[in-house]
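Below, in structure tokens: the form predicted alone, a single chain.
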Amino acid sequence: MPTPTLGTPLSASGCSAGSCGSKSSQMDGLSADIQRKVQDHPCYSEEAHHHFARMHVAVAPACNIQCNYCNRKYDCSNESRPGVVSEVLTPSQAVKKTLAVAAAIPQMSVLGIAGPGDALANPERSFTVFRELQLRAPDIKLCLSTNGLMLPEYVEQIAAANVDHVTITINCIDPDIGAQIYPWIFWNHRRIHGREAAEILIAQQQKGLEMLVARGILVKINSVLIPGINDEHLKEVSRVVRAKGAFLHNVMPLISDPAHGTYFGLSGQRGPTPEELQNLQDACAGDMNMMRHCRQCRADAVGMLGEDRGADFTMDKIEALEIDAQFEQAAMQRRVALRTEINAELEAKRAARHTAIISLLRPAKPQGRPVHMAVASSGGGLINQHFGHAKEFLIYEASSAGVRFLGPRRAAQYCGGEADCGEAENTLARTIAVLADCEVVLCSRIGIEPWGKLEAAGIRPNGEHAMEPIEEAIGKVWQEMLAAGKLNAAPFEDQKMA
């Protein structure tokens, strides 16, 4: 029997002291049961996303609502956004693919169904996958994402299938705003438009949220930030869902490239700036955690957040494999052992960080203005990527209060081979624009030309902390800037011009 050997395993956790949190951990204050649910879920835990992988299986092609920001695309490998897949799978194909991927990537801890349509508009397909994996890979967490229209009808089946993480996309609680986002829904065998459609959808979403919380299922709320439509309103959305027991709120930027063919893209509706997104996330933050590390993944995403290994696991490769019970058991044992090792390491670091914070509280904290820093990382919580190879940068804010993760920002890969040399200068200019509010870029290596262009733009490249834990290195750089007198109270723009 051929042994599944698709792809290559990810590196081990690689997380050193101080790398997995900041001034406080998302895990602090959580009950033991909730800690167990989120500690190795890369979407529900910012800490976990550096160390654990997830997989989406595209078994749900149909959708029962239309969103003005969505255009589902099948057989598409060129776009990285929700609703896009390279191939739609049958339930049996999805199960086999999951088992093969989970064997090749032992850090994989989560299997989700997120489209390309809606998981609960395709209930038989979705629950067939969940039931089979519950039997054959019970160590893998099960998730689903839904628009919430049919959620109340399926809460009991969700609980019975041991799906203990559900994401609901809630963009509004005001039907007048909803009518600007949703052209129609398909409800009780007919298509309903306008405000009436939004009223029904909102009522179903809120009812489903309450039912899930009552069953002890963790709920993440996704909201798409649409400037001029729901930007201010999302503060109220966050307040309401928090009061009803949602665990996490993920405010995502509208993707409105006209090339995607969405209504908003073609009508000129702009997406938010990074500053607008951060300000709204900060305004919504309260007792409920805000998710800032979302990558708005494809419906067939494979691997760590921020990477796509789907090409390594296409069905033509999977179908040739033979997977028996012995293989499944051995693969599960490897996953469980690695997961235990990583979580023990993370727990030790949380304890060390807590001790360090207590000691820092004794003397007066050094004063200095906040600084935004960008990091090139390929995973593991480390600064381990060449500047020219980065397709995204992780943005952090360092201050006297600690290190805070603000979120990822996509960028065009600067070093793409000789064929791209003619576009390199334009690519670098776009990357510099994306990082305009950052004063430092930390990476493992960087070429002379981008180094000079970044410096000219007021952004200091730093390759001195290669392979170091991200937050530990950021803290060191901030302290160096403080000691050098670069962190006075002058405005950010004045500092960059000085």
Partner chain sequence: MALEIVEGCVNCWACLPLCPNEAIIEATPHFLIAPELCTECVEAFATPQCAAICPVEGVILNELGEALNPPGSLTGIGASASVSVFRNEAGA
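What you are looking at is a predicted structure, and each value in this text was computed from that prediction instead of being measured. Residue numbers count along the first chain shown, from 1.
Beyond what is shown, the protein has a form predicted in complex with the partner chain; the following relates to that form.
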Q) Going by heavy atoms within 4.5 Å, which of 334-342, 394-402, 188-196, 127-135 lines up against the partner chain in the predicted complex? A) 188-196
Q) Of these, 216, 370, 228, 261, which has a heavy atom no more than 4.5 Å from the partner chain in the predicted complex? A) 261
Q. Out of 61, 447, 463, 458, which one falls within 4.5 Å of the partner chain in the predicted complex, going by heavy atoms?
A. 61
Q: Answer for residue 327 alone: is it within 4.5 Å of the partner chain in the predicted complex, judged on heavy atom distances?
A: no
Q. Does any heavy atom of residue 266 come within 4.5 Å of a heavy atom of the partner chain in the predicted complex?
A. yes
Q | Exercise: residue 157 in contact with the partner chain in the predicted complex, heavy atom 4.5 Å | A | no
Q. Hey, in the predicted complex, does residue 35 get a heavy atom within 4.5 angstroms of the partner chain?
A. no
Q: Spell it out for me: taking the partner chain in the predicted complex, does every residue among 279, 281 and 407 have a heavy atom no farther than 4.5 Å from it?
A: no
(Q) For a quick check, can you give me the residues of 150-183 that have a heavy atom within 4.5 Å of the partner chain in the predicted complex? (A) 183
